[in-house]
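Listed next as C-alpha coordinates is one chain, alone, in the form predicted on its own.
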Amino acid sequence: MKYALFLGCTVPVRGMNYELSARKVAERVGLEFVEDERFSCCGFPIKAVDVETSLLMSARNLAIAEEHGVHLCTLCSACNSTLAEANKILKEDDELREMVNEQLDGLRYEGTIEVKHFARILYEDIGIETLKDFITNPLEGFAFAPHYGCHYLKPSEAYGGFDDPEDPKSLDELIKVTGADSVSYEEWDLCCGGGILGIEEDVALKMAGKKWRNLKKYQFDGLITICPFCTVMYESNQKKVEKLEGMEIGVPVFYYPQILGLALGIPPDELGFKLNRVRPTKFLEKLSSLVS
(Lines give C-alpha, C1' and ligand atoms only; values in the text may rest on other atoms or scores of the structure.)
Protein backbone atom coordinates (compact mmCIF):
# COMPACT_ATOMS: atom_id res chain seq x y z
CA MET A 1 0.00 0.00 0.00
CA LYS A 2 1.70 3.20 -1.21
CA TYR A 3 1.09 6.87 -0.42
CA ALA A 4 2.95 10.04 -1.28
CA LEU A 5 4.13 11.50 2.04
CA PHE A 6 3.39 15.20 2.42
CA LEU A 7 5.31 16.58 5.41
CA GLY A 8 4.32 20.23 5.11
CA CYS A 9 6.24 23.09 6.72
CA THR A 10 5.91 22.48 10.46
CA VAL A 11 6.61 18.75 10.87
CA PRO A 12 10.23 18.76 9.55
CA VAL A 13 11.14 21.69 11.81
CA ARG A 14 9.05 21.30 14.96
CA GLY A 15 7.64 17.78 14.80
CA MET A 16 10.59 15.54 13.97
CA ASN A 17 9.38 12.98 16.52
CA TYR A 18 6.05 12.90 14.67
CA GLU A 19 7.73 12.18 11.34
CA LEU A 20 10.08 9.62 12.84
CA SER A 21 7.35 7.69 14.66
CA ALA A 22 5.01 7.82 11.65
CA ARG A 23 7.71 6.38 9.42
CA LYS A 24 8.48 3.60 11.90
CA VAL A 25 4.80 2.71 12.32
CA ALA A 26 4.20 2.80 8.56
CA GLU A 27 7.07 0.41 7.98
CA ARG A 28 5.79 -1.97 10.65
CA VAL A 29 2.21 -2.14 9.29
CA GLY A 30 3.16 -2.35 5.62
CA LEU A 31 2.69 1.21 4.37
CA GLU A 32 5.20 2.48 1.82
CA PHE A 33 5.85 6.19 1.44
CA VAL A 34 6.76 7.77 -1.89
CA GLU A 35 9.02 10.80 -1.44
CA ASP A 36 9.26 13.90 -3.62
CA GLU A 37 11.44 16.91 -2.81
CA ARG A 38 9.25 19.18 -4.93
CA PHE A 39 6.44 19.24 -2.35
CA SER A 40 6.02 22.73 -0.86
CA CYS A 41 3.69 24.66 1.43
CA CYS A 42 0.06 23.49 1.17
CA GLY A 43 -1.27 27.06 0.94
CA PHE A 44 -2.91 27.23 4.36
CA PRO A 45 -1.06 30.34 5.65
CA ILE A 46 -2.49 32.61 2.93
CA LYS A 47 -5.87 30.94 2.42
CA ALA A 48 -7.73 33.65 4.35
CA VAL A 49 -6.30 36.50 2.28
CA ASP A 50 -5.73 35.00 -1.19
CA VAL A 51 -7.88 31.98 -1.99
CA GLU A 52 -6.76 31.70 -5.62
CA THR A 53 -3.07 31.55 -4.75
CA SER A 54 -3.78 29.08 -1.96
CA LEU A 55 -5.64 26.84 -4.42
CA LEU A 56 -2.75 27.08 -6.87
CA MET A 57 -0.27 26.05 -4.18
CA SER A 58 -2.46 23.10 -3.21
CA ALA A 59 -3.00 22.09 -6.83
CA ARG A 60 0.74 22.02 -7.44
CA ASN A 61 1.28 19.56 -4.59
CA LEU A 62 -1.67 17.44 -5.70
CA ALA A 63 -0.33 17.35 -9.26
CA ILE A 64 3.05 16.14 -8.00
CA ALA A 65 1.38 13.28 -6.13
CA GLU A 66 -0.65 12.48 -9.25
CA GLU A 67 2.58 12.04 -11.21
CA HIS A 68 3.41 9.15 -8.87
CA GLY A 69 -0.07 7.66 -9.26
CA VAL A 70 -0.67 7.41 -5.51
CA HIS A 71 -2.91 9.08 -2.93
CA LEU A 72 -1.48 11.77 -0.66
CA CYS A 73 -0.79 11.13 3.03
CA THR A 74 -0.55 14.12 5.37
CA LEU A 75 0.67 14.35 8.97
CA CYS A 76 -0.47 17.91 9.61
CA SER A 77 -4.21 18.40 10.05
CA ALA A 78 -4.13 21.91 8.57
CA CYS A 79 -2.33 20.61 5.49
CA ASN A 80 -4.87 17.81 5.32
CA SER A 81 -7.81 20.19 5.47
CA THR A 82 -6.34 22.64 2.95
CA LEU A 83 -5.34 20.03 0.40
CA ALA A 84 -8.52 17.95 0.75
CA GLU A 85 -10.77 21.00 0.36
CA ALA A 86 -8.79 22.26 -2.64
CA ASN A 87 -8.98 18.79 -4.17
CA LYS A 88 -12.77 18.75 -3.81
CA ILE A 89 -13.22 22.27 -5.18
CA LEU A 90 -10.98 21.71 -8.19
CA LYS A 91 -12.53 18.34 -9.02
CA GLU A 92 -15.99 19.92 -9.15
CA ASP A 93 -15.16 23.19 -10.95
CA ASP A 94 -13.94 22.66 -14.52
CA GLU A 95 -13.30 26.34 -15.16
CA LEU A 96 -11.31 26.86 -11.98
CA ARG A 97 -9.35 23.68 -12.60
CA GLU A 98 -8.37 24.84 -16.08
CA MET A 99 -7.37 28.27 -14.77
CA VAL A 100 -5.12 26.61 -12.20
CA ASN A 101 -3.59 24.27 -14.77
CA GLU A 102 -2.66 27.22 -16.97
CA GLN A 103 -0.43 28.46 -14.14
CA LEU A 104 1.16 25.19 -13.01
CA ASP A 105 4.14 25.48 -15.37
CA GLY A 106 4.94 21.94 -16.46
CA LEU A 107 2.56 20.17 -14.11
CA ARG A 108 -1.09 19.34 -14.59
CA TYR A 109 -3.77 18.65 -11.98
CA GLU A 110 -6.35 16.07 -13.10
CA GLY A 111 -8.18 15.27 -9.85
CA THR A 112 -7.25 11.59 -9.80
CA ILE A 113 -6.15 11.16 -6.17
CA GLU A 114 -7.44 11.55 -2.63
CA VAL A 115 -5.92 13.29 0.39
CA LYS A 116 -5.87 11.36 3.66
CA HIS A 117 -4.50 12.08 7.11
CA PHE A 118 -2.12 9.41 8.43
CA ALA A 119 -4.52 8.66 11.30
CA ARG A 120 -7.34 8.12 8.82
CA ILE A 121 -5.19 5.76 6.76
CA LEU A 122 -4.46 3.72 9.87
CA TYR A 123 -8.12 3.70 10.86
CA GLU A 124 -9.74 3.24 7.47
CA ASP A 125 -7.26 1.70 5.03
CA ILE A 126 -5.27 -0.52 7.40
CA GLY A 127 -8.24 -0.91 9.75
CA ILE A 128 -8.67 -1.47 13.48
CA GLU A 129 -8.94 -5.25 13.20
CA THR A 130 -5.75 -5.50 11.15
CA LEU A 131 -3.92 -3.19 13.54
CA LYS A 132 -4.88 -5.52 16.40
CA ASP A 133 -2.92 -8.28 14.70
CA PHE A 134 0.24 -6.14 14.82
CA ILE A 135 0.01 -5.32 18.55
CA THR A 136 2.72 -7.12 20.53
CA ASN A 137 3.05 -4.92 23.63
CA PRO A 138 -0.45 -3.72 24.60
CA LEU A 139 -0.44 -0.56 26.72
CA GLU A 140 -2.76 -1.96 29.37
CA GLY A 141 -2.92 0.21 32.48
CA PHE A 142 -2.43 3.46 30.54
CA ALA A 143 -5.01 6.13 29.73
CA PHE A 144 -4.71 8.93 27.20
CA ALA A 145 -6.83 11.98 26.41
CA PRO A 146 -7.42 12.43 22.65
CA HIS A 147 -7.23 15.85 21.02
CA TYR A 148 -8.92 15.78 17.62
CA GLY A 149 -8.28 19.43 16.76
CA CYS A 150 -10.16 21.58 14.28
CA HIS A 151 -8.91 20.41 10.88
CA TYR A 152 -8.70 16.62 11.12
CA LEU A 153 -12.43 16.29 10.30
CA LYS A 154 -13.37 19.74 9.03
CA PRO A 155 -14.61 20.86 6.59
CA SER A 156 -16.54 17.58 6.76
CA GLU A 157 -17.75 17.78 3.15
CA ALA A 158 -14.13 17.55 1.98
CA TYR A 159 -13.73 14.19 3.73
CA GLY A 160 -16.63 12.36 2.16
CA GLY A 161 -18.38 11.49 5.41
CA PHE A 162 -15.36 10.10 7.25
CA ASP A 163 -16.17 10.04 10.99
CA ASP A 164 -18.54 12.54 12.64
CA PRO A 165 -16.99 15.98 13.30
CA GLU A 166 -19.49 16.59 16.12
CA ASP A 167 -19.08 13.17 17.75
CA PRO A 168 -15.89 11.57 16.40
CA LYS A 169 -14.72 8.08 17.28
CA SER A 170 -11.69 7.33 15.11
CA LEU A 171 -8.92 8.69 17.37
CA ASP A 172 -10.55 7.15 20.45
CA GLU A 173 -10.63 3.77 18.72
CA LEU A 174 -7.06 4.15 17.53
CA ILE A 175 -6.00 4.80 21.13
CA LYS A 176 -7.95 1.79 22.37
CA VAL A 177 -6.37 -0.54 19.80
CA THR A 178 -3.05 0.00 21.60
CA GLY A 179 -4.57 -1.54 24.73
CA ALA A 180 -4.85 1.81 26.53
CA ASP A 181 -8.00 3.59 27.65
CA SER A 182 -9.24 6.70 25.86
CA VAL A 183 -10.41 9.37 28.30
CA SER A 184 -13.72 11.04 27.54
CA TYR A 185 -13.68 14.62 28.83
CA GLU A 186 -15.70 17.83 28.69
CA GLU A 187 -14.96 20.41 26.02
CA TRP A 188 -12.92 17.90 24.02
CA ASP A 189 -13.59 19.95 20.89
CA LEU A 190 -11.89 23.17 22.01
CA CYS A 191 -9.44 24.70 19.54
CA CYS A 192 -5.79 24.68 20.62
CA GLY A 193 -5.43 28.37 19.71
CA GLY A 194 -2.63 27.77 17.22
CA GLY A 195 -4.38 29.60 14.40
CA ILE A 196 -3.92 32.97 16.09
CA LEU A 197 -0.65 32.37 17.94
CA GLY A 198 1.27 34.73 15.66
CA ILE A 199 -1.31 37.50 16.03
CA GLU A 200 -2.67 37.33 19.60
CA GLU A 201 -0.33 35.15 21.62
CA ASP A 202 -2.02 35.69 24.99
CA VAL A 203 -5.43 34.83 23.55
CA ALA A 204 -4.00 31.69 21.93
CA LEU A 205 -2.36 30.65 25.19
CA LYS A 206 -5.59 31.23 27.11
CA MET A 207 -7.41 28.98 24.65
CA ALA A 208 -4.89 26.23 25.29
CA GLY A 209 -5.07 26.94 29.02
CA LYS A 210 -8.84 26.47 29.05
CA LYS A 211 -8.45 22.90 27.86
CA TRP A 212 -5.62 22.18 30.30
CA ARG A 213 -7.67 23.52 33.20
CA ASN A 214 -10.50 21.20 32.19
CA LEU A 215 -8.20 18.19 31.76
CA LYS A 216 -6.73 18.61 35.24
CA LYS A 217 -9.96 17.06 36.57
CA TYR A 218 -9.03 13.72 35.00
CA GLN A 219 -6.44 11.03 35.57
CA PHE A 220 -4.47 10.13 32.43
CA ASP A 221 -0.92 9.53 31.24
CA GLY A 222 -0.70 11.99 28.37
CA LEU A 223 -2.49 14.05 25.75
CA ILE A 224 -2.59 12.53 22.26
CA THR A 225 -2.34 14.80 19.22
CA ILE A 226 -2.27 14.21 15.48
CA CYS A 227 -1.25 17.70 14.38
CA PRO A 228 2.12 19.45 14.81
CA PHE A 229 0.64 22.86 15.58
CA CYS A 230 -1.70 21.50 18.21
CA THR A 231 1.44 20.02 19.77
CA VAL A 232 3.17 23.39 19.55
CA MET A 233 0.33 24.84 21.64
CA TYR A 234 -0.04 22.06 24.20
CA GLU A 235 3.59 21.00 24.53
CA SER A 236 6.02 23.65 23.28
CA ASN A 237 3.99 26.44 24.90
CA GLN A 238 3.01 24.52 28.02
CA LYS A 239 5.34 26.55 30.25
CA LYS A 240 3.94 29.81 28.88
CA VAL A 241 0.41 28.59 29.56
CA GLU A 242 1.37 27.65 33.11
CA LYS A 243 2.81 31.13 33.73
CA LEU A 244 -0.12 32.98 32.14
CA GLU A 245 -2.82 30.88 33.79
CA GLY A 246 -1.04 30.47 37.12
CA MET A 247 -1.31 26.69 37.18
CA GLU A 248 0.95 23.67 37.01
CA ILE A 249 0.39 21.29 34.10
CA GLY A 250 3.41 19.03 33.59
CA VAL A 251 1.54 16.62 31.32
CA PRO A 252 3.40 14.92 28.46
CA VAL A 253 2.02 15.31 24.95
CA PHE A 254 2.43 12.43 22.52
CA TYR A 255 1.90 12.10 18.81
CA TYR A 256 -0.40 9.17 18.17
CA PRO A 257 2.20 7.15 16.19
CA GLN A 258 4.47 7.30 19.24
CA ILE A 259 2.07 5.33 21.44
CA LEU A 260 0.98 3.04 18.62
CA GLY A 261 4.65 2.37 17.94
CA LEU A 262 5.18 1.30 21.54
CA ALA A 263 2.26 -1.12 21.27
CA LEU A 264 3.81 -2.48 18.07
CA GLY A 265 6.99 -3.27 19.98
CA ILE A 266 9.10 -0.41 18.67
CA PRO A 267 11.55 0.94 21.31
CA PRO A 268 10.96 4.51 22.60
CA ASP A 269 14.31 5.75 21.25
CA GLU A 270 13.24 4.80 17.71
CA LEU A 271 9.97 6.73 18.13
CA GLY A 272 11.54 10.06 19.00
CA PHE A 273 10.62 10.21 22.69
CA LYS A 274 13.89 12.02 23.40
CA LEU A 275 12.59 14.87 21.24
CA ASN A 276 9.43 15.37 23.30
CA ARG A 277 9.72 18.78 24.93
CA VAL A 278 7.75 17.86 28.04
CA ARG A 279 9.91 14.98 29.21
CA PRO A 280 7.76 11.85 29.66
CA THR A 281 9.98 10.54 32.46
CA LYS A 282 7.21 9.13 34.67
CA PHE A 283 5.44 7.66 31.67
CA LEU A 284 8.56 5.82 30.50
CA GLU A 285 9.25 4.61 34.05
CA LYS A 286 5.71 3.25 34.26
CA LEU A 287 6.10 1.65 30.86
CA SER A 288 9.36 0.04 31.89
CA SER A 289 7.86 -1.33 35.12
CA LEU A 290 4.93 -2.88 33.26
CA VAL A 291 7.13 -4.45 30.60
CA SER A 292 9.74 -5.85 33.01
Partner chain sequence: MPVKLEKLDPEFKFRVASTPGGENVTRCFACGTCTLSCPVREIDERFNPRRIIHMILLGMKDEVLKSDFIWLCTACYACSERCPQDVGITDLMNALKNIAVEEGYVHPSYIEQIKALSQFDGLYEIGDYDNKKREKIGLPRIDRKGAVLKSIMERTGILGLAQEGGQE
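Bear in mind the structure is a predicted one, so any value in this text is a computation, not a measurement. Numbering follows the first chain given and starts at 1.
Note that the form predicted together with the partner chain isn't included here; everything after this is about it.
Can you pick out, from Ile128, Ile135, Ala143, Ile196, the residue that has a heavy atom within 4.5 Å of the partner chain in the predicted complex?
Partner contact (heavy atom, 4.5 Å) among the options: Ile196.
Looking at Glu124, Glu200, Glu173, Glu110, which is the one with a non-hydrogen atom within 4.5 Å of the partner chain in the predicted complex?
The residue from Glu124, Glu200, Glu173, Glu110 that makes the contact is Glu200.
So in the predicted complex, does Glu92 come within 4.5 Å of the partner chain, heavy atom to heavy atom?
Contact with the partner chain, no.
According to a 4.5 angstroms non-hydrogen atom cut-off, is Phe39 in contact with the partner chain in the predicted complex?
Yes - in the predicted complex, heavy atoms of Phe39 and the partner chain come within 4.5 Å of each other.
Using the partner position in the predicted complex, report whether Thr53 sits within 4.5 Å of the partner chain, counting heavy atoms only.
Result yes; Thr53 sits at the interface with the partner chain in the predicted complex.
Would you classify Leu287 as touching the partner chain in the predicted complex, given a 4.5 Å non-hydrogen atom cut-off?
Looking in the predicted complex, residue contacts with the partner chain do not include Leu287, since no heavy atom lies within 4.5 Å.
Would all three of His151, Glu166 and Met207 be in contact with the partner chain in the predicted complex, where contact means some heavy atom lies within 4.5 Å?
Yes: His151, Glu166 and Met207 each sit within 4.5 Å of the partner chain in the predicted complex.
Segment that reaches the partner chain in the predicted complex - one of 113-121, 176-184, 218-226, 99-107, heavy atoms within 4.5 Å:
Heavy-atom contact with the partner occurs in 99-107.
Which of the residues spanning 1-31 lie within 4.5 Å of the partner chain in the predicted complex, based on heavy atoms?
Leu7, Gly8, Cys9, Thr10, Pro12, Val13, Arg14, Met16, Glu19, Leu20, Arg23, in sequence order.
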